[in-house]
Each structure stands twice: as structure tokens, then as C-alpha cells.
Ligand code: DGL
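Only one chain is given next, in C-alpha cells, and it is the form predicted on its own.
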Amino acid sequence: MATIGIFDSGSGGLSVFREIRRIMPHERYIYFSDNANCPYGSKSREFITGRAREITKMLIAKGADLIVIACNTATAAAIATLRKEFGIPFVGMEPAVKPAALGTRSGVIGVLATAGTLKASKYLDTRDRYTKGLEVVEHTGQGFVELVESLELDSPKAYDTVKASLQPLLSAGADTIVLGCTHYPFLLPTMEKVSADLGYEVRFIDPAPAVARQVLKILEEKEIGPAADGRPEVELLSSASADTLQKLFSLSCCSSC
């Protein structure tokens, strides 16, 4: 049985956790929500790296064999430093620009992400590598993280907030939209409703399944998993109140509990 550490600025990384557990249902998981400092999008690179370093130390002390940085902003800011400083594998997030580029019919790709992710060299390099000849329209999901952390996933406020950020991408002709923050998939039903109400047929791309496959590949290469049977162990931790984490976990990840 492998011990997999996962962390995010808040509860959004549960969208990644549920995909990992879907293909590796019998492992031990430790999820840490740094919700005392959420969101990371407006924080400095130095602050995020410092938090990522401390969280990593804690997860390693608890036995993590591999750590998933289930946050695009933290991946961009800290993964290179963590890989240099710690002797275990790290898997990070990257906006799924390549599959979007391969799948677009209109030639226009939308990217919804935090401001930190959209400025990060990792994202910019990926965008420039795979989108030659295509138009890329970017927008921050303003207020999206706060909606998820407050569990306002299906409300008039959620609808209006999502519409405000989605409409510029749709109006620009994007037929494929990349979700560049792990909180955003929890708002996918609202995004689909907004798109349909505005008369657009859109494909949304969540990178979490690809991240899960990468975790499985690394564990198999290192011969430390996955376990064939046994009940999974899940430990949920947070730097502030765990109420939202527990509730979102129960809503989205707990079908096999």
C-alpha cells in the first residue's frame, strides 16, 4: 500500500484526489488543505514556496511516498524547489492546453485559471509550444475559489459569478475551455448550464484524470503500489477549520466510504 500525500490551498484539490482514488482505491491518502491561507492566487511566489515546503515536511513525516501538488498556482511557484530539496516524487498540475489544442474545432481555446497560473512560466511555455496558429483567450475565474470554499456550488450567486468569467471566453468563440484551477471542476455543472443558456456547445477539460494516471505510473515504476485490495485510509487535515473540507469530501469523494 502506498501513502499518497496531496495538498492544495483549500478544498479544491479534492477534485484531483477523487480521480486518483478512482483508479487507486486501496491506498492510504493524506490530504492537507491550507485554507488558513486560501486562495494562493494573490500570494507571492516566496510565500507559496515557503508554505509548500512546510506542508511537504509534514506529509513526509506522516509517511508519504509521493506528493501531489493539487494546485496549479502552487505547482507553478514551488514544484521545482520541492524536487530539488526533497527525495520523493512530486506530481503537479498543468493546464491541459495540449489536449485543448488538439480538440478545438473553432481554433479558439479558452483558459480559466488564477492570475498566478496565467503569469507562470510553466503555463506560458506550454501555451506557446502547443497553440501555434490558434487563438488563446484567458480569463481568471474571479470568485470561483471562494464559491467552492463556501460550498456555494449551485446558487444564483454561483450562476452569476460563473457567467461573468465564462461569457468573455464564449463570446470570443472558444469551443474548448481548460480548467486551470483544481477548485473549478466543482463548478462544472454551473459552467455547463451557463454555456447552454447562452447557446454555446463547449467542451471543458479537467486535467485531474491525467494527473491520476501519472501518479499510478510513478508508483508502478517505483514498485510501491497500487494495492490490490483492502479498505483505503483517508486522513483529512487543514490549517484552519476543516468543516468545508469534510463536507466537500462527503459530497464528492465519499461514494465508496
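Computed from a predicted model, the values in this text were never measured in an experiment. The first residue of the sequence shown is number 1, and the count goes up from there.
Keep in mind that the form predicted in complex with this ligand is missing from the display, and what follows is about it.
In short, of 156-164, 70-78, 102-110, 127-135 it is 70-78 that has heavy atoms within 4.5 Å of this ligand in the predicted complex. Taking the partner from the other structure, this ligand in the predicted complex has a heavy atom within 4.5 Å of a heavy atom of Cys181. Although the partner is absent from this view, Gly41 contacts this ligand in the predicted complex, with a non-hydrogen atom inside 4.5 angstroms. Taking the partner from elsewhere, Thr114 is found to have a heavy atom lying within 4.5 Å of this ligand in the predicted complex.
Although the partner is absent here, Ala174 sits far enough away that none of its heavy atoms falls within 4.5 Å of this ligand in the predicted complex. Residue in contact with this ligand in the predicted complex (any heavy atom within 4.5 Å), chosen from Leu169, Val97, Ala120, Val145: Val145.
Residues Asp8, Ser9 of 1-34 are found to place at least one heavy atom within 4.5 Å of this ligand in the predicted complex.
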